[in-house]
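Read the single chain below, which is given as structure tokens and is the form predicted on its own.
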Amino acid sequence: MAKVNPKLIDELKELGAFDISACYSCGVCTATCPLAQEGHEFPRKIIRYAILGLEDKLISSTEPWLCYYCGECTQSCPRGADPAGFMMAVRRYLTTHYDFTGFSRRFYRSKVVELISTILLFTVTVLSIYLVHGPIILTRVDLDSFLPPHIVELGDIVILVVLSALLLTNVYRMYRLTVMARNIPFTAYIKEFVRTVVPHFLTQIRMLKCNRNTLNWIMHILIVYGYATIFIFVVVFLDLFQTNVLYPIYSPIRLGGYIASAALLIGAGYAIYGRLRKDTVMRQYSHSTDWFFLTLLYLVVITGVLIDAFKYMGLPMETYIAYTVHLGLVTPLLVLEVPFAKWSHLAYRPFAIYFTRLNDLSKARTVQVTA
């Protein structure tokens, strides 16, 4: 018998599900959804799970991740409910169940936890830099002396290993909760991984199937690839990126940094502007963690730009302060967002498509065997 949680709908409301109690299960939302398909209907089915308190069924569903929040369902709802916002709330809810540490649950449910964890990580990072920094040279900008690259590289490696372990563990828990396939050959796992996870992670192409979602897709891609470029520069090519060398304007390193920063400023700026205007369905309601992510991302980009500006203006102390603040902001952005919140969705979405495909293959093989 399915486990019933009578407080499930209240938990989802706490995570941003508005007006879903108005739903009377007409199915218009599913009929109008450009991404719903036979065997994987949503949002109606997912809404019913929540209203009936069927927690286990909700947790084992991959369909919430197949939704890209275009808002078509909310616009077409005859009862004025908000299926799109509900699906977003369910994704937050599922994120808290994939996380084995339990921190994601606290992070999503408490603004105090958001604020304290951010301040704590920022403070620890800045204090660590204060304790390990080298000579503060004021006659010129000398970042290599102020904070030797090998120290930053060590911090990068530690954070990368820890975050990768957390995220991969959470993805594995997602697999255990959602995949019922047990009769698929190993080669099929590899083949479907290449066919689904890789292209969807790199392109987010399903988002373009949503009506009027092209601009949102472009802005989403700008944020993803802008940050990925900066991340690669800082982690892989730190010796080239953090250097005392003043690159000319046409240098690939300098141009790459400018282009990536511009992409982030445009993408994040568009998202913030939309949330302030509330001019589309997907911008009408914003959870506190949405604002947290965008604000922190914007501050990281701004301080990164200031580092470069102060460096080329020949302002040593300003450069060192901006660099310290920048790293202090980068730490909570990575540590809190990658395994526990918004950035983790970049992994959960393509893996949900992958796990859905595995379940479909398993069902097809079962039918063939019993036929």
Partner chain sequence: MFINDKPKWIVLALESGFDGVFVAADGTDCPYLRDCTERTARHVKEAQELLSGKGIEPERVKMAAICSVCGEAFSRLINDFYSRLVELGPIRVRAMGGDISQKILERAELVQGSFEYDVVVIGGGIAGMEASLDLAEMGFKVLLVEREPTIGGKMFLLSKVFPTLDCASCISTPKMAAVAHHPNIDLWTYSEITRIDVKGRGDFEITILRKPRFVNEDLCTGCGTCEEVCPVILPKEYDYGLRGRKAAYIPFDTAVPKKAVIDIDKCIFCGQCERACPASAIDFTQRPRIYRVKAHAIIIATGYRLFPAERKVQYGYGKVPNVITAMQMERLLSPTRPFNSVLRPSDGKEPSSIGYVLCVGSRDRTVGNPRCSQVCCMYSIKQAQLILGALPLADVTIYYMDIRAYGKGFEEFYQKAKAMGVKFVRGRVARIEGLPNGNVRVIYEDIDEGKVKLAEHDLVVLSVGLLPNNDDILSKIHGAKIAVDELGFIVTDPSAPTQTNVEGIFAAGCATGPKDIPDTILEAASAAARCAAYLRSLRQEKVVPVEVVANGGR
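Residue numbers count along the first chain shown, from 1. Being a predicted model, the structure only gives us computed values, none of them experimental.
Beyond what is shown, the protein has a form predicted together with its partner chain; the following relates to that form.
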Practice task
Answer with yes or no whether Glu41 is in contact with its partner chain in the model of the complex, where contact means some heavy atom within 4.5 Å.
Solution key: yes
Practice task
Determine whether any heavy atom of Ala31 comes within 4.5 Å of a heavy atom of its partner chain in the model of the complex, and answer yes or no.
Solution key: yes
Practice task
Give a yes/no on whether Thr101 approaches its partner chain to within 4.5 Å in the model of the complex, heavy atoms considered.
Solution key: no
Exercise for the section: Evaluate Cys77 for contact with its partner chain in the model of the complex, applying a 4.5 angstroms cut-off between non-hydrogen atoms, and reply yes or no. Expected result: yes
Exercise for the section: Using a 4.5 Å heavy atom cut-off, indicate which stretch of 331-339, 301-309, 41-49, 314-322 touches its partner chain in the model of the complex. Expected result: 41-49
